[in-house]
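The chain below stands alone and is given as structure tokens, in the form predicted alone.
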């Protein structure tokens, strides 16, 4: 297994619904580490940078209006296969189709207002983390619990 980092955003709907703590708890309960976190307002410019591949698509204006509608909480999450683990923990994009036990399945009911964003692969994670965080804002520290979460060869 590879130790990975991924970008996670608690979207404006999750912030407005006061679900930040519940989402953070789910991430930590899974054994992943949050090595960077901040609240910010996504600007139209930041939205265009983050969603560059969607800017020319018909749904982009609605996407930008949503992601800029209120603050988000951005996190860098680290752990073995963190990208896949987080994608599974989040559930399907359409919360109505997400399985119980997932963040979207338990807390959401919308395709668009689906509470959380997570990078979909290593290249996207690297790009998205660099979009939201400066290197000095990411702090990895030895974790005394690591030996109780996964075997050394899983890192």
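This structure is a prediction, so every number in the text was calculated from the model and none was measured. Positions refer to the first chain, counted from 1.
Omitted here: the form predicted together with ligand IDP. The next part is about that form.
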{"query": "Proximity of residue 87 to ligand IDP in the predicted bound form, heavy atoms at 4.5 Å", "finding": "yes"}
{"query": "4.5 Å heavy atom contact, residue 107 to ligand IDP in the predicted bound form", "finding": "no"}
{"query": "Any non-hydrogen atom of residue 43 within 4.5 angstroms of ligand IDP in the predicted bound form", "finding": "no"}
{"query": "Residue 124: touches ligand IDP in the predicted bound form, heavy atom cutoff 4.5 angstroms", "finding": "no"}
{"query": "Contact assignment for ligand IDP in the predicted bound form, among 38, 48, 61, 111, heavy atom within 4.5 Å", "finding": "111"}
